[in-house]
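This document opens with one chain alone, in structure tokens, the form predicted on its own.
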Amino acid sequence: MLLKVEKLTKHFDGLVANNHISFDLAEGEILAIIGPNGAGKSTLFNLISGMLPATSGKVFLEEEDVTGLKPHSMAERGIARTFQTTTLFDELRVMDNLAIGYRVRTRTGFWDALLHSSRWRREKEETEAKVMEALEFIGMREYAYHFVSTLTQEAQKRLAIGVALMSDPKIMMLDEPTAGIIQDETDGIMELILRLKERGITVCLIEHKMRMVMDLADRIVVLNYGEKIAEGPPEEISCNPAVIEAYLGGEHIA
């Protein structure tokens, strides 16, 4: 297992956002985390990625205990993260945002940049090559010099995935990657996620679009009121009575 979450728990002033959540993430798979609003999905992502400290429980990455590490340390170890609302630099160009995403993999410091050292020149060339590769991968080569503020919501979603990709992640955690976009655009993001898998990147995503989840995920973990109520392949989850009752109030999700 690439990632192991063991009895992860988070309390907020008496409110239990996550209660003893456990699951494994195998290398190369797409795992979906689903559940109604307020189920604790984003909080779980925040705990795993180091955005929030856990009240209790453990997170293991390739058998290393990484519980409590800060986000930059998690990124260095190979966990990249996107958010429900894209966290991009609107006043910068697409290529600039991608270059910033690669900063975690470079070591150039102030004096290197000031003196144009050999390391600065080498890493500048590496960054430029990685940016062009990422632009091609996410299908945004023609937008390289566009400012983020001019992009559509769908293009910003693609760019956010591209920025995460720049850190050469082992695991990409996508928080509602198709929120706010139409079905045709959703299909395009699905194709991009499948390309991540083909590239060897393990994907864990939060998503509310159930048709997308059923078509895309290898396994699904279902949360409700901070508890894990089910885990399994899509065909099993789609007819699980507890999931149907808790998530859709009795409607079938297939």
Ligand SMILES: Nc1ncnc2c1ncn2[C@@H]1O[C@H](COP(=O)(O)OP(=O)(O)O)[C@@H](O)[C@H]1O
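What you see is a predicted model, and the numbers here were worked out from it, not measured in a lab. Note that residue numbering begins at 1 and tracks the sequence as displayed.
FYI, the form predicted in complex with the named molecule isn't displayed, but the following is about it.
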Heavy atom within 4.5 Å of the named molecule in the model of the complex, from candidates A17, V243, I21, L25, belongs to A17
Please pick, from V213, V203, A39, I48, the one residue with any non-hydrogen atom lying within 4.5 angstroms of the named molecule in the model of the complex. A39
Considering the named molecule in the model of the complex, find the one stretch among 214-222, 55-63, 39-47, 189-197 with heavy atoms no farther than 4.5 Å from it. 39-47
In the model of the complex, is there a heavy atom of the named molecule that lies within 4.5 Å of any heavy atom of Q84, even though the partner is absent here? yes
